[in-house]
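Here you get one chain, nothing else, as structure tokens; it is the form predicted alone.
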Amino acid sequence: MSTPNQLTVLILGSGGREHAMAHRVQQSLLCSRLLVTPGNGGMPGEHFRVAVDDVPGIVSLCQEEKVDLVLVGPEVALAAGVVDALSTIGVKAFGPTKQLAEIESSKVYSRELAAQLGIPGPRFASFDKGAHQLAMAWWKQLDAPIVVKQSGLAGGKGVVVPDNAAETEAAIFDACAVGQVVLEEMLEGPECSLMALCDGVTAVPLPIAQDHKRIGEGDLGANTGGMGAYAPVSVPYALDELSATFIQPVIDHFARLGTPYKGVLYAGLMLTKEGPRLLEYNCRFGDPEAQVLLSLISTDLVEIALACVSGTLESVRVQTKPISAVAVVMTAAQYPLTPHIGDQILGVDDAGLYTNIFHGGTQKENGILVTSAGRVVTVVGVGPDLSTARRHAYARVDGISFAGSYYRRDIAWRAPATSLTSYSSAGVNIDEGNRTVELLKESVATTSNDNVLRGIGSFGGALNVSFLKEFEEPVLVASTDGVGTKVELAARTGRVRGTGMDIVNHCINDVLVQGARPLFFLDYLASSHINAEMVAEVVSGMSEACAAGDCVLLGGETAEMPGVYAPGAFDIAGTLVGVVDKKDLLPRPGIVKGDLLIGIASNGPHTNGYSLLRKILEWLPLDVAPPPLTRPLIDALLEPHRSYLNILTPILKDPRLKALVHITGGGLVENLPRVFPEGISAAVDISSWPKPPLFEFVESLVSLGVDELYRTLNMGIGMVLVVAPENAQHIQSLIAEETWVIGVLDTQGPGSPQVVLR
């Protein structure tokens, strides 16, 4: 046996995970000699050619090379019983025994153990090989989407998430033909990886990581061994709380049985709306999660492994650096089906600050580094924050090349949404905007006279101009607004025509809710430098919207402002003036308790909430269509704001219509009260209309509360009508599209009108 600071350490495995382990062991002052088997083309240490599941071969290697400590990477070695065999010859091995590794090697055993220990998870059932009819019957009785899992080891790929009934039947049939199967109720929510270091009694959880299993951006396509990861992940649960629920019960259970679990216990979790739920257990470090987690741990890995094996982990202070790490996996052509191998790899030896490259599918042929498997290298970037770490990782990826290389451009794309708990955290303060309006009212009031009927705080200004003789008592209604940060997306993607439609239609709707039809529109466009083609495209969108609204694009202003706007950026604002007879001005008097709210669909976010949307989708490529979207994300985001003029013309002068509400910035929560008299509130049933796919997608990502979400985005309702209950059906029949009764008015005590979402 070597002295404590002259240990011979062996790493079992050949992937990026094992390279990361070898990298950390190589840095250890306790290790004097590093061995790896079978290794790859980039791992440090002395290389041997013993397969990880060749237990007799591993035993012989350890005896011949006088190995003191073995760190086991892959699950196949643990399931083969390598730890058991090494313990019989007195070699310390970091990992659980074959019996305990069954927590990963048998999903049936794992699920039954979790159920026995009361660990929260999905409804499930297991079936023997060939029992596809019984499995089909269970799925149909469950009457819910399911996940189909092979019970045995499958290299992270033995899971099928079917999209429909036909795919479910095929997945069940195929899985039952292979062997034992577990069917689980499909859970919804973000996944994350909780890994803990264990010594049989004590469990020390590591920072939460998130893997990206799917091959395609936006988490689409086939499952892989892992396309990237990042840590730490912001989750709404304390790390110790998660460990107490999902890790410690397992450790305590095996301790009671006299079979202490040592090594890494990995709990794959789904963060559902009902709380965290167990997806699976693994008996080793994840790959590529290990690459980011080992980049965060500052404590000597050899010291940790020895403490886990000897049962003294409590005496070791496992410390992590206050930084972030992002791992991007580069894969061979045609991965994950039949990856092409033998292609030369360039750029991995170039120096890179704040990054590490961990080899997976590489080998040396005549001194040349070539691809040898699907997941070729993992590039890890670190930094003081996630954005910096991500930037470092992708900058290093850009310097690596091999034929047919592929990597996802969206690693950590869900992270921006998890850090936002309010619209103000995206850089927009609705409350401060409301306070500004209140401060302005007094100043604006000094310019008012008896002809001003609507002022600041309404959807638009309204002025009595009775000299328009074709009206009995004409009232001019004006609205000035801007498109907002939606223009950044339009500028970045070169799709600017829709922003011209946005500004016109937004203003049309703002005068429409006061019963007015549009007369003329004036625009203002400012940019860093005037680009004639871009301006023409925007104005063409305005002209199209004005023509559809039967109003004149009377004029405008184009301003060139270098130094004020970033290169390529622009901004749009505009003013629209409409006219209405005073007797037809909305809202009409008589809004009372019991009146109904009728919702008309939006066709997207319109022109509001884009600071939030851009923030949470910052790292997701805009050309992908993650479920439930059925078209590319950019198409959904840049859908022009719809005009409600034509659809509402048949009812504008109907006395049974009491009010219209345009759902703009502030959403349902802040726009509805604009038309309520004192003492009136509203209860809105947010389940009463179908949510468009984009809003479903956003809701699944963010941590915003319901009120905050529904005052940031319109969530599928762009216009609301207020009518008496006895008139609701008649009014709805005059609207040439589907509408929904979404709420009812009620009375309330003193104070501002309120909207309660339920």
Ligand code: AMP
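Owing to the predicted nature of the structure, the values given are computational and were not obtained by experimental measurement. So that there is no doubt, residue numbering starts at 1 and follows the sequence shown.
The next section is about a form of this same protein that is not shown, the form predicted in complex with the named molecule.
Contact check for 159, 187 and 213: all three have a heavy atom within 4.5 Å of the named molecule in the predicted complex. For the options 618, 635, 537, 191, the residue carrying a heavy atom within 4.5 angstroms of the named molecule in the predicted complex is 191. Distance criterion of 4.5 Å from any heavy atom to the named molecule in the predicted complex singles out 107 from the list 107, 486, 506, 359. The named molecule is not shown here, and in the predicted complex it never comes within 4.5 Å of any heavy atom of residue 556. The named molecule is not shown here, but in the predicted complex it comes within 4.5 Å of a heavy atom of residue 149. Though the partner is left out of this view, residue 280 does reach within 4.5 Å of the named molecule in the predicted complex, counting heavy atoms only. Contact check for residue 270: a non-hydrogen atom falls within 4.5 Å of the named molecule in the predicted complex. Heavy atoms within 4.5 Å of the named molecule in the predicted complex belong, among the stretches 468-476, 598-606, 141-149, 346-354, to residues of 141-149.
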